[in-house]
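Only one chain comes next, encoded as structure tokens, the form predicted alone.
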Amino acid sequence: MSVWDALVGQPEAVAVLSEAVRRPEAMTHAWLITGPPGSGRSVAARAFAAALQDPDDADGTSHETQTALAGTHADVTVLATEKVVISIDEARNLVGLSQRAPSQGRWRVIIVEDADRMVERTSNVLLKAIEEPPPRTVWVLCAPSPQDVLVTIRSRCRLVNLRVPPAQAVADLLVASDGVDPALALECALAAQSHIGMARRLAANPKARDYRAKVLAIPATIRGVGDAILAAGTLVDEATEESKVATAERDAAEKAELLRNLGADQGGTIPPALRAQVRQLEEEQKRRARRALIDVLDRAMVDLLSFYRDVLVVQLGSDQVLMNRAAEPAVREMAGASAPEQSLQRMQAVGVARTRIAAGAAPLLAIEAMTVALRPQN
């Protein structure tokens, strides 16, 4: 048992980070951990923070290590936003916190899990603090790639690159840590494209597997423009419901807590003096709901990309493993009914839809354009 055990398939990154924990000359004040979604960026950051707090804890069982991993250590701060962007106010709070000496541990560690969600003016707020931090403060930024972070920030950080872990390694983790059946674990690891969090969710939640199966069934239902428009509406509607499940309960709890703290009756008329605070919370929840919808839709489109990738693998006679074992009959039927060029065009259409939605396009319009492009071409 080690603090690094949850960081699957990343021996090079573990070697770099663990050396920095052991040897002061290998340590630096700012780190940038990059890697594709699901590679374990936040896991690496938390494990690094835990190891820094207790470098002598070889088996990861000390109080310092466990609280750092759980996110409850007083000197380990994690910013993991659910909004589209990280706000300037959030960045300023981190800067103020970074100037404080550690209260309990050896280091004050500040982790920004979604550094790619900082626009330039927000990044500039952090720049001075990252460039000249106090001697016992460490910044750990996480992003999909170095290019997703402002150049003035990344030039002041030591880079640690993570790779996509092998699907079998992710499956082994699910079996060992969650007791998942080995066959189901491998199926979920492949379906999630080695995204550890997604693989765990698929393995633990039959409804998540059912929703994914519905997404993968979309290509076979599209025969013309009418089918495409209906499929787009269904996909967006189901994604909206899926995202609401993740946010509705939390939104209601947050509003109830705010009203209770303000001394207002839940369900009653809100006094005019308090309406601005309630409105501010509701606006925040709307932004978070949009982010949740975008994330669900993007995951659905990634699943569609994996479907057409499998179709292309079959069409080209490659020996690559199929990602969607449960959908293999549909994959082979699609492969026989179309050409490799059309599979590539369909993958491009999905990629364009992802780009448009990420840039702020109306989800339904972008998805409709995508599904129309997925219809059979004569």
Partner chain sequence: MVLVRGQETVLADRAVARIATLVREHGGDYEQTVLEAATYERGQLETIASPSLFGEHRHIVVNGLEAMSDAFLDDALAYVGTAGPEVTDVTLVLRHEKGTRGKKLLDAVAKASYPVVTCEAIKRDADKVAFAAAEFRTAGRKATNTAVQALVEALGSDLRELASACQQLIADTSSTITPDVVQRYYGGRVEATGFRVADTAIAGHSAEAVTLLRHALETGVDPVPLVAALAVKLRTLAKVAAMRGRGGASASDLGLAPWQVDRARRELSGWTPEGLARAITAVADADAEVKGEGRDAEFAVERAVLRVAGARGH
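Quick caveat: nothing in here was measured; it's all calculated off a predicted structure. Numbering follows the first chain given and starts at 1.
From this point on, the text means the form predicted together with the partner chain, which you will not see here.
J.: For the three residues Val215, Ala220 and Gly336, which mark the spot I'm curious about, does each lie within 4.5 Å of the partner chain in the model of the complex through at least one heavy atom?
T.: Not a single listed residue reaches the partner chain in the model of the complex, so no.
J.: Could you check which residue among Val151, Val225, Ala256, Ala176 gets a heavy atom within 4.5 Å of the partner chain in the model of the complex?
T.: Here the answer is residue option Val225.
J.: Just one of Leu94, Val125, Ile229, Val164 has a heavy atom within 4.5 Å of the partner chain in the model of the complex. Which one?
T.: That would be Ile229.
J.: Ala6 versus the partner chain, in the model of the complex: is there a non-hydrogen atom within 4.5 Å?
T.: Heavy-atom contact with the partner chain at 4.5 Å: absent for Ala6.
J.: Heavy atoms within 4.5 Å of the partner chain in the model of the complex: does Ala361 have any?
T.: Contact with the partner chain, yes.
J.: Quick one: does Ala369 come within 4.5 Å of the partner chain in the model of the complex, counting heavy atoms only?
T.: Yes - in the model of the complex, heavy atoms of Ala369 and the partner chain come within 4.5 Å of each other.
J.: Determine whether any heavy atom of Leu365 comes within 4.5 Å of a heavy atom of the partner chain in the model of the complex, and answer yes or no.
T.: Yes.
J.: Tell me, please, which stretch of 138 to 146, 155 to 163, 229 to 237, 298 to 306 lies within 4.5 angstroms of the partner chain in the model of the complex when heavy atoms are compared?
T.: Heavy atoms within 4.5 Å of the partner chain in the model of the complex occur in 229 to 237.
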